[in-house]
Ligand code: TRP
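Just one chain follows, in the form predicted alone, and it is written as structure tokens.
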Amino acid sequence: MSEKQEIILSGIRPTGRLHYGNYFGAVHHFIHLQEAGHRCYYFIADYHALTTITERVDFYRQTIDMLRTYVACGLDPVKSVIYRQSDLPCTAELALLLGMVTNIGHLERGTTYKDKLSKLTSKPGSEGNPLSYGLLGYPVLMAADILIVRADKVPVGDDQRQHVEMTMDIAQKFNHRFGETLKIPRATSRKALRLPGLDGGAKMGKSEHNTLDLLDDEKTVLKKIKAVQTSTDPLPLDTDSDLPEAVIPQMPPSVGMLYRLLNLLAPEDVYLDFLGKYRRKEKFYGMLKTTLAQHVSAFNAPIIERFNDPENSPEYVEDFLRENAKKVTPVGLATVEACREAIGIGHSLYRA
């Protein structure tokens, strides 16, 4: 490995089926970084997924199914080191050590924690038990995830940038107290495209039940797209531009979502033709939905085929998770041992 090769890290929550919001928000960018020749670590954040649960969830099965989809989309477990967070247990040890230098007030300013606290205050009892120790300490565990592989860059969306900044603060405080031990990472924009939901909601998400999934078959795709609300007349567009960034925000949200997908998946002339129909206020929504459904199904088809390929089996995913855990473990242990030595408790005699 080249000494100048940058180390990239990003986490993926085990959500099971992947949708278009996941693909254009993260997967597409992960593949680009992988092909650009970086040393990419992508971990499945199964510990993080536990911070708000109130009952048992089969995260293991969701992880396997999700990774089969990632592989079908083009993520390569040979080019990228893909591993489960829980398969690197020394991450939890590093989180414990980092917690010793992390101020409670610092954690209470975390946006994720404050959002949950606000919901609990406004609707007592509606969120189950969200204010757990795990939720409060989420930024410390995330810092351990980043610092343990000595990441140079952490591609994040705006909603996660604060957590990377908190990681930098924790690492700097540790180094100030105990000497230069941890590499200070930096956040980089993931340039993620935030897709609205099929219902016109601000976010496409599994919990919102408004997703278009990468494994949806033709019948399902057509049913979902035909159900999108388009009863309103086209709104006047206050621009001569054809660029989606200028035009789509002026459309009704659900209609704008259809045009966003059309722009992403169809040839430019198809997008421009339907944009012209919109400007002229023609009767075209039925044709728009049918055309878009065809392009979505064409995009899904090779992903579905690769997902169902016998070589992309659950056993294959388990094999590469096992092998990649072997690759990342020495890196993680070296970081933990360096921190133990810096603090003064010495190397682990158990691992010696």
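Note that residue numbering begins at 1 and tracks the sequence as displayed. A quick note: this is a predicted structure, and the numbers were derived from the prediction, not measured.
Below: the form predicted in complex with ligand TRP, not depicted.
Contact with ligand TRP in the predicted bound form, judged as any non-hydrogen atom within 4.5 angstroms, is confined among 45 to 53, 61 to 69, 294 to 302, 279 to 287 to 45 to 53.
Contact with ligand TRP in the predicted bound form, defined as a heavy atom within 4.5 Å, is made by all three of I146, V156 and Q160. This chain appears without its partner; in the predicted bound form, the one residue of L182, M142, L212, L98 with a heavy atom within 4.5 Å of ligand TRP is M142. By the criterion of a heavy atom within 4.5 Å, S10 is counted among the residues contacting ligand TRP in the predicted bound form. When contacts are judged by a 4.5 Å heavy atom cut-off, F174 does not count as touching ligand TRP in the predicted bound form. Although the partner is absent here, Y138 is a contact residue: one of its heavy atoms lies within 4.5 angstroms of ligand TRP in the predicted bound form.
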